[in-house]
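Given as structure tokens, the chain that follows is alone and in the form predicted on its own.
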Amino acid sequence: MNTQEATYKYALRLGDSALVLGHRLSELCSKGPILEEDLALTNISLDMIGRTQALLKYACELEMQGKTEDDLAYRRSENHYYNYLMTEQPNGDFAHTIARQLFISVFEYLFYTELEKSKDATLAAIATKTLKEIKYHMQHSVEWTIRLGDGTAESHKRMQTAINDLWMYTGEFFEMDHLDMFLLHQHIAVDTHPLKAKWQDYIKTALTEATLIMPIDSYMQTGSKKGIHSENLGHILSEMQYLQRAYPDAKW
């Protein structure tokens, strides 16, 4: 594996996580608990799709196969996607949507802050742009976590349940495989191991203020870096890829 091939796969991983979460959040359009929140979730979804486009476009340039970002987004099979398992989890109730966004946004804030230092100029530029959006995503999810956790007995119960249910997907954020290590040695990739303690501190602070209990690390569900996913991704792709599969090369 050379640097160009490794960077292609790295950009693909990042793009896939943004794509799948963007799609998940788009499912909530017109379904927010209040109008303002409906707009907020839709805007976060658009931010994710914008990041997807930048990352997958760069991946296409590195692959040099004449593909477009649309080809990568819509014309791969399930085991050729590398998004974090957290991103494909169902929206569930509003508490689950917020808990998922809390875990991901705090991690992304720490991750893209480090990626901004990458020797790969394109990845660094994407990180700089997306950090402005991620700061809002993180603030939004933290405020709602506190509001729900320290709200009514029902909202507190639902928020704690969501935190407990999704915790098993957080360990994957900090895994490093041979591709990560290869690019890390070239000062391109982010070393996620040191980010775990910082992430836990951020999460613990938010949960404490929300009067919620942070789960204890136990079993963690992983596999996305090998193309292993939950059944949820297949359902997402069947909907997301329908038009491209039914009408290949269709033009508007």
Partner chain sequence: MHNEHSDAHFQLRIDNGEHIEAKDYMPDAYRKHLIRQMSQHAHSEVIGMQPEGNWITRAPSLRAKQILLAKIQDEGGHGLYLYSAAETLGVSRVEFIEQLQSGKAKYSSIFNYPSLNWADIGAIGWLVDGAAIVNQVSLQRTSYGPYSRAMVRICKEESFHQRQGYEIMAKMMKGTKDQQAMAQDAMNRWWWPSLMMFGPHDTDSPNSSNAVKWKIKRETNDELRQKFIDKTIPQAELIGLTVPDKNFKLDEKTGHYKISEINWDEFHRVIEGHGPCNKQRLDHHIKYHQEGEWVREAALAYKQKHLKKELQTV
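Residue numbers count along the first chain shown, from 1. Quick caveat, the model's predicted, so the values are computed rather than measured.
What comes next is about the form predicted in complex with its partner chain, which is not displayed.
J.: At the 4.5 Å heavy atom threshold, is residue 144 in contact with its partner chain in the predicted bound form?
T.: Contact with its partner chain, yes.
J.: Taking its partner chain as it sits in the predicted bound form, is residue 74 near enough to touch it, meaning that at least one heavy atom pair lies within 4.5 angstroms?
T.: Within the cut-off, so yes.
J.: Verify the contact flag for residue 250: yes if a non-hydrogen atom of it lies within 4.5 Å of a non-hydrogen atom of its partner chain in the predicted bound form, no if not.
T.: Answer yes; at least one heavy atom of residue 250 falls within 4.5 Å of its partner chain in the predicted bound form.
J.: Indicate whether its partner chain has at least one heavy atom within 4.5 Å of a heavy atom of residue 128 in the predicted bound form.
T.: Taking the distances in the predicted bound form, the answer for residue 128 is no, it never comes within 4.5 Å of its partner chain.
J.: Give me the residue from 192, 221, 200, 45 that has a heavy atom within 4.5 Å of its partner chain in the predicted bound form.
T.: Contact check passes for 45.
J.: Could you tell me which one of 110, 163, 148, 86 places a heavy atom within 4.5 Å of its partner chain in the predicted bound form?
T.: Contact check passes for 148.
J.: Does its partner chain, in the predicted bound form, lie within 4.5 angstroms of each residue among 30, 36 and 239, using heavy atoms as the measure?
T.: Per the other structure, all of 30, 36 and 239 touch its partner chain.
J.: Among the candidate stretches 178-186, 163-171, 110-118, 149-157, which one is within 4.5 Å of its partner chain in the predicted bound form when only heavy atoms are counted?
T.: Heavy-atom contact with the partner occurs in 149-157.
J.: Could you list which residues of 86-110 come within 4.5 Å of its partner chain in the predicted bound form, counting heavy atoms only?
T.: Read in sequence order, the residues that approach its partner chain (within 4.5 Å, in the predicted bound form) are 93, 94, 95.
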